[in-house]
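Next comes just one chain, in structure tokens: the form predicted on its own.
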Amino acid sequence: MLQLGAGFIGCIIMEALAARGVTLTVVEMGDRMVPRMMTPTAGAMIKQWVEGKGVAVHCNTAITAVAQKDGALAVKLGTGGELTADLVICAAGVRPNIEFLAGSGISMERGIRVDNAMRTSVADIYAAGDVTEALGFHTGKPELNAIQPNAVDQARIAAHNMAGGAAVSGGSLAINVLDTLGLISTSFGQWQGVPKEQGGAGVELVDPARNGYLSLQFKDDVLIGATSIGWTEHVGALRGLVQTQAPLGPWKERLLADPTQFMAAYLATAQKAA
């Protein structure tokens, strides 16, 4: 079996297939697995883990054609090679189904544009969830961020306001937790970091012996993003640090020296604001 896509949804499908003993090859156009969630180092670690579980993974590879050949499917790759499969699964991402709103007057780009109260551009019409381009937590600009925690928060705010309330969203925030064949990974906020000239700084900790990885990204003395692999204890503190935007003060330098101290940093700086 061949699967196109090794993003978040692709990894969930891959897990289900591997659990059934399927011989599986995964093709990913990006340079690493889960490229919209993981740093290059982290994505490479997940690829190594998955291959160790018996799944073949081809990154930097596109599928250019699929055709019937000798009772099977011949899959041509952009790299010039060809693979044979009984079944091809497309898990190359999703996009909002908003075509039915054409001509409605509702403002749309890649998704339905909403403000921080989940209001659309048409009076008394609200939208929430994966179809929306809501204001980003860090950027304050419309972002398509199709993940479950944001959808739940947006639905709560929309319902509250439709009932006459005045709830406001703090902004769409990247929150990802993924189990890939037993390897737990997470990413929060601006995990890619920002340039040094914008106040950016970061630290990476790689522990191959325990399949462990931590990346913390700062802007000035605020944690704006984090990525982890193999960390499950207190990992919610990373989200807390990002979401509260608590000034770290001297804790920034401590975390740059030892990123594993993130829980202590959370208790010292962000817990009261959470």
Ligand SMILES: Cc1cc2nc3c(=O)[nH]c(=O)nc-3n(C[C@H](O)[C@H](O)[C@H](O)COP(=O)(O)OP(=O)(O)OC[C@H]3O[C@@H](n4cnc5c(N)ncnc54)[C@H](O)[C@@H]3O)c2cc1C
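Start at 1 with the first residue shown and count on from there. Note that the coordinates shown come from a computational prediction; the quantities given were computed from them, not determined experimentally.
Heads up, the form predicted in complex with the ligand isn't pictured, but that's what we're talking about next.
>> For the three residues S121, I125 and I157, which mark the spot I'm curious about, does each lie within 4.5 Å of the ligand in the model of the complex through at least one heavy atom?
In response: Checked in the model of the complex: no contact with the ligand for any of the three.
> in the model of the complex, does G171 have a heavy atom within 4.5 Å of the ligand?
Replying inline: G171: no, not in contact with the ligand in the model of the complex.
>> Although the partner isn't part of this model, could you tell me whether G199 comes within 4.5 Å of the ligand in the model of the complex, counting any heavy atom of the residue?
In response: Flag for G199 set to no.
> Just to confirm, P142 within 4.5 Å of the ligand in the model of the complex by heavy atoms?
Replying inline: Flag for P142 set to no.
> Looking in the model of the complex, any heavy atom of D153 within 4.5 Å of the ligand?
Replying inline: Heavy-atom contact with the ligand at 4.5 Å: absent for D153.
> Looking at V194, L73, A92, I147, which has any heavy atom no more than 4.5 Å from the ligand in the model of the complex?
Replying inline: Looking at the other structure, the residue within range turns out to be I147.
> Out of L256, M263, I9, V22, which one falls within 4.5 Å of the ligand in the model of the complex, going by heavy atoms?
Replying inline: Looking at the other structure, the residue within range turns out to be I9.
> Of these, 111-119, 126-134, 199-207, 180-188, which stretch puts a heavy atom within 4.5 angstroms of the ligand in the model of the complex?
Replying inline: The contacting stretch here is 126-134.
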